[in-house]
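Below, in structure tokens: the form predicted on its own, a single chain.
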């Protein structure tokens, strides 16, 4: 079984009379990419800040590698907060090098890492520019660069692609995949469901301070599938039998598999009785699931 890097148990947090988190439990395992989802105000940022000891929990425990976060862990992890903050009169390269040294790198190591990062994000010609002269998207790349300068073993990212255009969003996701392939564990919050589908192994979706969905991405999608398949075919297909009911339009059909029957049984029946030209399982998108869960009273 994989090692638990983040463990949140029976966590509750209120601000005044408003309960933001109510008995939340989840784990993030070593080497995985974990998506943290929820509507605005659902408690994602509150959970992250409490995990990092910025806030104090009312109840429960939030641990990183079995311990409450302390400044001694700073070199182990990288944190990208939702609110970005840079010294805008500083220059690009010196900013990255400065934060790299704060994270325990030598000046030579920090400079080398910074130059490689700037080349990767197409900003090598900006290394002497003041940060205030960069676009907001370029500044966000620098913020991410600060976060990953020391190749952290754990990355905690709060809305990392917020404000980025599609091209730079894809670039950031590829950087996260590279870091994960190099051994980094990543937890990130986002409103972009397609990002989760591209890179996440598991997810937690919270609603009203509680876990609404938690688990493997494919298992979550299977749970919300209507257990139907689409086919194009040649031959004669019944509208109903013991395995399925079908909506048929010429040589295209949607088959609704009956309770207690399996997709494997249906496909065997089809293969024995008709010619299948195309077959697709009807799996809902994560965006569809998100909307359904959030709208469910």
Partner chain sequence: MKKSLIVAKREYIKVVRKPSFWLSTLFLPIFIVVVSFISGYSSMQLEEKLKDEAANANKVLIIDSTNYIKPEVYSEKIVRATDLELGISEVINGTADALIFYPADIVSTKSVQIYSQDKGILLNESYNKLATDLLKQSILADLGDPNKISVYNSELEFQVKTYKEGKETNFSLSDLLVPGISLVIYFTLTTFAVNYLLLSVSEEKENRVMEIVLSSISSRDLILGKIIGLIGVIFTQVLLLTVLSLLGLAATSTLLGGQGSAFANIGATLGTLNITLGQLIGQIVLGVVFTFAGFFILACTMVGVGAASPTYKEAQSMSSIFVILSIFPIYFITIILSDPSGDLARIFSFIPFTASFVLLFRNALGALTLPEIILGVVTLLLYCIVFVIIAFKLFEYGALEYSKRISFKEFFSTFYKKS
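Everything numeric in this text was worked out from a predicted model, so none of it was measured. Residue numbers count along the first chain shown, from 1.
A second form of this protein, the form predicted in complex with its partner chain, is not displayed here; the remarks below concern that form.
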- What is the one choice in 211, 146, 179, 199 with a heavy atom within 4.5 Å of its partner chain in the predicted bound form? 146
- Contact with its partner chain in the predicted bound form, heavy atom within 4.5 Å, among 58, 239, 30, 61 goes to 58
- Please state whether all three residues 151, 206 and 221 have a non-hydrogen atom within 4.5 angstroms of its partner chain in the predicted bound form. no
- Item | Region of this chain that lies against its partner chain in the predicted bound form, out of 50 to 58, 268 to 276, 226 to 234, 249 to 257 [heavy atom, 4.5 Å] | 50 to 58
- Item | Contact flag, residue 141 vs its partner chain in the predicted bound form, heavy atom cut 4.5 Å | no
- Would residue 184 count as touching its partner chain in the predicted bound form under a 4.5 Å heavy atom rule? no
- Query: Looking at the partner-bound form in the predicted bound form, is residue 113 within 4.5 Å of its partner chain by any heavy atom?
  - Reply: no
- Message: Taking its partner chain as it sits in the predicted bound form, is residue 167 in contact with it (heavy atom to heavy atom, 4.5 Å or less)?
- Response: no
- Query: Though the partner is not shown here, which residues of 106 to 126 have a heavy atom within 4.5 Å of its partner chain in the predicted bound form?
  - Reply: 107
